[in-house]
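As structure tokens, one chain now follows by itself in the form predicted on its own.
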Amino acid sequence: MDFAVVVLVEILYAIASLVLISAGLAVVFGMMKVINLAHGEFMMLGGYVTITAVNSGVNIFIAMLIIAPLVVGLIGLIVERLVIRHLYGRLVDTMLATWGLSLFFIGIATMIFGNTTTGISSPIPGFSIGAYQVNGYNFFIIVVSILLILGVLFVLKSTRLGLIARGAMQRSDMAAALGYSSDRIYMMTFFVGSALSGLAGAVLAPLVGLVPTSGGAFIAKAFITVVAGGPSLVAGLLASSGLFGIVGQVFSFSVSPVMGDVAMLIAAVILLRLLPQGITGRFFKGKL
């Protein structure tokens, strides 16, 4: 029984981690159709902002949940104004530009922080479930991911800003005809996506040793989760995160963590072969 509870907690943690890692990319790619190859570097910047703030005496939760998202969101805003807004509708050019940005951010981070591993301690201690030790911080990640999904749903479905953003992404010409600036809406959407990426990197910072190239460890998982989810932002994110989280943890427990990652990749390839439009391209149609 204890082992079953531990496995359940780890599966929920894996699903929550994928949601957290992929949310920022889902907003940018799912709503704006911008392939942001610098997504991992935005996460890396969120981690470094958190570590710097904590080392300066800021409370770790304020650093993770407020300072890091705001700082990375502002960086994303600058990137959108200087680069991305000139490339909307040009997927290949956007990929090349954001790939160049990822190299730029890695170089800047290396110059400032060096190429050594750094990190911060988890603010929540572990505890025992029978004979097994569980990381208490995993529950914090699960709670943050649930609140994140509920917040995104609330903004997109229940606020005027969310409704305008959804309308502008689907028909920018109609939004412009009604007096809304699609340029500003795209700018704010990219800001939100970047802030969510910074939040993910900040929340995961106590679990990983951070180096300037850490973003590469997240980008592949984020992309396969978002692409496999399909066109629906929230439903697709939850569906693909749930599937890959379960597959990855089952193989991690039964074989090894490396095989868990391999199993996730194989599951993504099979899924996209069977469902080229993603899960919500076939199921949950019309869902947000």
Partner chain sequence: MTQSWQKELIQTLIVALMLMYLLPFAINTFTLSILLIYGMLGLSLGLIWGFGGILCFGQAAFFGLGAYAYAIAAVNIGESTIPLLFAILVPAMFAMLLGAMMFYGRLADVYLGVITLVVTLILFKFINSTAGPAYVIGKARLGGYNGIPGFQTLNVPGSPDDYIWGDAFYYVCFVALVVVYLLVTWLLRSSFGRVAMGIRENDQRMSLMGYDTRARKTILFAIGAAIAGFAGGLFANWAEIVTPGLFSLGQSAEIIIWCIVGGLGTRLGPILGAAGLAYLKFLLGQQSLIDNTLITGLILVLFVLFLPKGIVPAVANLWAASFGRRPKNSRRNVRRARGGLNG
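What you see is a predicted model; the values in this text were computed from it and never measured. Numbering follows the first chain given and starts at 1.
Keep in mind that the form predicted in complex with its partner chain is missing from the display, and what follows is about it.
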Exactly one listed stretch (127-135, 102-110, 201-209, 184-192) reaches within 4.5 angstroms of its partner chain in the predicted complex by non-hydrogen atoms, and it is 102-110
Sole residue of Leu77, Val83, Ile120, Ile149 within 4.5 Å of its partner chain in the predicted complex, by heavy atom: Val83
In the predicted complex, the one of Ile67, Val247, Ile51, Leu37 near its partner chain [non-hydrogen atom within 4.5 angstroms]: Leu37
Partner proximity in the predicted complex: Leu87 to its partner chain, non-hydrogen atom cutoff 4.5 Å: yes
Would you check, heavy atoms only and a 4.5 Å threshold, whether Leu272 touches its partner chain in the predicted complex? yes
I'd like to know whether Val144 contacts its partner chain in the predicted complex, with contact meaning heavy atoms within 4.5 angstroms. no
Just to confirm, Phe223 within 4.5 Å of its partner chain in the predicted complex by heavy atoms? yes
Counting heavy atoms only and using a 4.5 Å cut-off, do Leu91, Ala97 and Val227 all touch its partner chain in the predicted complex? yes
Across 241-278, which residues bring a heavy atom to within 4.5 Å of its partner chain in the predicted complex? Val258, Asp261, Val262, Leu265, Ile266, Val269, Leu272, Arg273, Pro276, Gln277
